[in-house]
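In the form predicted on its own, a lone chain appears below as structure tokens.
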Amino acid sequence: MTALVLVFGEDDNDREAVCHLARALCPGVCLAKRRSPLVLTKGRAEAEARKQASRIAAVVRAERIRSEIPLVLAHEDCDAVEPAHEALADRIEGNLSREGIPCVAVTPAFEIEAWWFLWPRAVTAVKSHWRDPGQQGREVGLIVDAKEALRHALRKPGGDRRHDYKESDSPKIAAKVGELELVDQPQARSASFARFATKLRVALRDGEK
């Protein structure tokens, strides 16, 4: 059977970005996105969060008829700054673990856009209209409303707002991180990304034993 890592997330831009980052961290990994169920955990009652985990588990079990599934990646933005990612990630992973599903949670603090501050070279490689977003050496997991902060940071003074960052640019930035081999050369710090990277590499390495 082919070993396949399934990727669940909030929308397809996020799922595609997570796939690119996972390939950059673990070259050769085989991934497949799943549009549903969504990962709905934050702000939910525990019973509802567990029900959603059961729905994800049902998709994984159905897929196991055709493929070996060593791991699931489950993305959900924190909508809060670090260390909010820790509790959310633990909750997602715990609920899926109860269903017998090995999982690494992908829980960017505040939003996945905070992670793009880690690799300014990848960002500016996507669009020549963008400027270096800055934040070098800083803890980007403390940026509130990271999506709007990134949009503002990339906008050149007097620049045409038609070139502003859009959510559909997210996978392109993640792809550049891989293409330029930058994933292990962040220019800033993010505890939420470090958690994801470490847990993914450990999980896949252990799965090979």
Partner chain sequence: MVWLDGRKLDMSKNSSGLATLRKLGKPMVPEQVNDLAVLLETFRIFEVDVAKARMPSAVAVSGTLAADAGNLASFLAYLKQSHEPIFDQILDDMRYILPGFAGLHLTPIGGAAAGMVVEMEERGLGGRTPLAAASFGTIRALALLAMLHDPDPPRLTCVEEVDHGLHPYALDRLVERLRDASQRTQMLVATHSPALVNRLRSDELIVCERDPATGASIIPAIDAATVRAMAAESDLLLGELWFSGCLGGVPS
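Positions refer to the first chain, counted from 1. In this text the structure is predicted, and so the values were computed from the model without any measurement.
The protein also exists as the form predicted in complex with its partner chain; that form is not presented, and the subsequent description refers to it.
Taking the partner from the other structure, its partner chain in the model of the complex has a heavy atom within 4.5 Å of a heavy atom of Glu63. For the chain shown alone, Lys166 is not a contact residue for its partner chain in the model of the complex, no non-hydrogen atom being within 4.5 angstroms.
In the model of the complex, its partner chain lies within 4.5 Å of some heavy atom of Ala58.
Residue contact check for Arg50: none of its heavy atoms lie within 4.5 Å of its partner chain in the model of the complex. For its partner chain in the model of the complex, the listed stretch (172 to 180, 151 to 159, 63 to 71, 136 to 144) containing residues with heavy atoms inside 4.5 Å is 63 to 71.
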